[in-house]
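The chain that follows stands alone, in the form predicted alone, written as structure tokens.
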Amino acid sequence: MKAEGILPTVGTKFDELTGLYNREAFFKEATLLLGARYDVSYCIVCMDISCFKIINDLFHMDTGNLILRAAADYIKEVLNPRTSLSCRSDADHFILCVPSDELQIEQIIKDLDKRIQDLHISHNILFFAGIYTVEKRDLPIEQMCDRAGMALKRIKGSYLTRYAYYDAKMRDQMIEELLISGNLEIALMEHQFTIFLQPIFDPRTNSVVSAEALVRWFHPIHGMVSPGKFIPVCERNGFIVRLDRFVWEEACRFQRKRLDEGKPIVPISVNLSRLNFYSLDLPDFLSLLLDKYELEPWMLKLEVTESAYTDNQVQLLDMISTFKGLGFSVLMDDFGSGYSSLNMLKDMPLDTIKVDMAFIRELEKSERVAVILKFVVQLAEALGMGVVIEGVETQKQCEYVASLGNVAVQGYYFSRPLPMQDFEKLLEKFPIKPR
């Protein structure tokens, strides 16, 4: 086995920016290491940085290089050079080969976050890791890295889990994800996607306040593909930006159709996934969409998520201010599901918060939940914000929400998401709340 105790110097085996091994050299050295230390259990760790391409786009490439060098310096410090290997694979990807009993992944991620925070870059930069525990030494290093990469992809972009270990189920999930990814473009071209509309009600008057547009995928062979399967794939591969824009246009087309027929309409809220906020033409695109269908801004509401706020607060706040200036109403979706804070409510000029359905599900089990819901409604009212409670499914839940005051509800108690023609029938049965 080659001596690993000497820190590498820049050369053909090493990445010029970081001084770590390059990918090809790492594969060779890791094969030798695993062969020489057969009695030691090892892990392959794949790591990368959230939204690194965005960092290079928003800032200068020198900033991205600074982040990579800082991360590499930490890796050199923390790993034992006699027992471990590390490389910069490409872009923002690092690969480690570490004895299982030496791998303190939580501490590594925590320290990397701190090291980058000390650079004082105005962007939330997070590290994620996928880990494969080496079981078969004869498996090529490339395949070991692929398995660690599978684990990484399962949690990349999450704010609850920063690392994951590979297991056998991930291979099946990855194959399914590849099939979904390979069909997205065709599905969009062949109009396999459509929107469903879920009405939002005033529980005190049983009148329709608005609706939320939700995308559905009807595959010609496999039938309806669960949103829980294809939406996460779209978010990971970036297709969500195009899919969101499809939904926005379908919602506008529906509103135009109702107006042309002389029928009343309610505002339709559409989701703006966090990747959309890196599109500088977003406000212009939405404005042109309204112009195209001759709609007013109140007819299309915009829903953002907490994760968008966590990613880049300054950019999101600027974008929301722009939306407000254009006349749009802005809603915070799934409020309370992640890192909601009073600071966020203080900063963001929201019109409405949508309380995550997890709260209403616990209502009958926990008195504390009832207290929290009441407080959230009172706080929102004091800040001049509306409130929508998501996930209302029973009469008891509905009655309690109605007792809180001027609150709207969304959930199966009133209606599931409906095809557009069924939503139109619903509008004929229920009164529409005046603006």
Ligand code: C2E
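The first residue of the sequence shown is number 1, and the count goes up from there. Predicted model only: the values in this text are computed from it and were never measured.
Beyond what is shown, the protein has a form predicted in complex with the named molecule; the following relates to that form.
In summary, among the residues Asn271, Thr83, Ser287, Gln192, the only one with a non-hydrogen atom within 4.5 Å of the named molecule in the model of the complex is Asn271. Site annotation in the model of the complex: the residue of Asn124, Gln198, Ser329, Gln255 reaching within 4.5 Å of the named molecule with a heavy atom is Gln198. Looking at the named molecule in the model of the complex, residues Leu214, Ile240 and Pro417 each place a heavy atom within 4.5 Å of it.
By the criterion of a heavy atom within 4.5 Å, Gly386 is excluded from the residues contacting the named molecule in the model of the complex. Though the partner is left out of this view, Glu303 does reach within 4.5 Å of the named molecule in the model of the complex, counting heavy atoms only. At the 4.5 Å threshold, heavy atoms of Leu345 stay clear of the named molecule in the model of the complex, well away from it. At a distance threshold of 4.5 angstroms between non-hydrogen atoms, Asp334 is in contact with the named molecule in the model of the complex. Residues of just one listed stretch (289-297, 223-231, 70-78, 101-109) have heavy atoms within 4.5 Å of the named molecule in the model of the complex: 223-231. Although the named molecule is not shown here, in the model of the complex the stretch 360-381 places heavy atoms of just one residue, Arg361, within 4.5 Å of it.
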